[in-house]
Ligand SMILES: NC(=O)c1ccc[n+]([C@@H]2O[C@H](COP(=O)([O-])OP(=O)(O)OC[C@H]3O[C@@H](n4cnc5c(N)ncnc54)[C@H](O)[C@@H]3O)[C@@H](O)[C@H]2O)c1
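Before any questions on binding or motion, here is one chain by itself as structure tokens, the form predicted alone.
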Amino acid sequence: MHRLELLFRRAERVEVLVGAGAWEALPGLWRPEWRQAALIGDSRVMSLFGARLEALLGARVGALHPLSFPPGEAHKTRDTKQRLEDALLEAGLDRGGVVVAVGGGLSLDVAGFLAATYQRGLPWLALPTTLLAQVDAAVGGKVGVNTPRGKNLVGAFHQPSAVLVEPAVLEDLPPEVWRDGLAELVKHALLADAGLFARLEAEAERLRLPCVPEDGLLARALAIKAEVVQADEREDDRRMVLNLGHTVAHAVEAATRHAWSHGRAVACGLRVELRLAERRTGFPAGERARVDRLLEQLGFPPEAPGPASEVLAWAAADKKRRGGQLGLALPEALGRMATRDGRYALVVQPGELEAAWAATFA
């Protein structure tokens, strides 16, 4: 089993366990002060794993409060968070409690945000059950909900106390949910590790469909994110590299009202933003072609959800805008991000994104 320990600037420690049996390590990580627990996930995940986790946790706490909410982006809202909070207030969960979040990134975001604000902040544990959550969403402490104006516009930074990554739960994922994580794997390799990118190329055929990936592959992806987050927890600059492909992706998701899955939108976003990188940072055209080819091998054909004018208008609401300007982090080569004047965020004009879109889908 792979073990990572992350330390953040407010002396918060996050223990990350990756490998078979990670969930069974949960009792050994339990703290004496955690007298109550809220077990939170969407209804689908709770039907699959709730009983198993209740059995693991039942002997550790005086009171266990399992709660669920409907699956899907339509329920990643302030209303959902309020309903969960009201249920816990009614149940009497106090400051001696802990939140155990189980599920994909959506469930972790909602439950983690609840933990950030309930009783002015409770500790929480993340048990990710999708590839996307295991390689990306579970580590970093960004939690929140969507609003009608865009994704994750209301939220907090609240680090989990531990992240338990059990690869075996991935084998039966629906293919579209599986591919959400593949897009993030490509992004991680693209921004920090050319060797990981080559490994994904070599294993593309096996990875195209849901499987149990090697612990080392998951651990490497998590280590990339952890290194970035530890250096810039509050997204002052360097953490923006993790948004590679996501400015366009979030616009795609908003424009399609989430009819496009996250992975499909990220693949679109990577293609467009790499076209922009060719012009702005000198990203080699041959390496861009490799990225395009790998995305297609993993199940992401080149496709646009609509005209640039309709999709990219949503970038105006992007939460990464500062001072009215949109900043993007762009690579200059496989595994290496560009900087200008010591900063990763490059100011991009709307017309540049539109030109990159046109070149991508010409």
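Numbering starts at 1 and follows the sequence shown. Everything numeric here is computed off the predicted structure, so don't read it as measured data.
Absent from the display: the form predicted in complex with this ligand. The rest refers to it.
Only one of Thr117, Asn152, Gln82, Gln230 lies close to this ligand in the model of the complex, with a heavy atom inside 4.5 Å, and it is Asn152. Taking a 4.5 Å heavy atom cutoff to this ligand in the model of the complex, the contact residue among Gly105, Gly112, Gly97, Gly245 is Gly105. Contact check at 4.5 Å (heavy atoms) against this ligand in the model of the complex: all three of Phe49, Thr129 and Ala137 pass.
Proximity to this ligand in the model of the complex, taken as heavy atoms within 4.5 Å, picks out 129 to 137 from the listed stretches 192 to 200, 288 to 296, 82 to 90, 129 to 137.
Glu205 falls outside the set of residues with a heavy atom inside 4.5 Å of this ligand in the model of the complex. In the model of the complex, at least one heavy atom of Glu73 sits within 4.5 Å of a heavy atom of this ligand. The closest non-hydrogen atom of Met240 lies beyond 4.5 Å of this ligand in the model of the complex. Residue contact with this ligand in the model of the complex: Val169 places a heavy atom within 4.5 Å of it.
For the partner-free chain shown, Asp42, Arg44, Val45, Leu48, Phe49 of 28 to 65 come within 4.5 angstroms of this ligand in the model of the complex, judged by any non-hydrogen atom.
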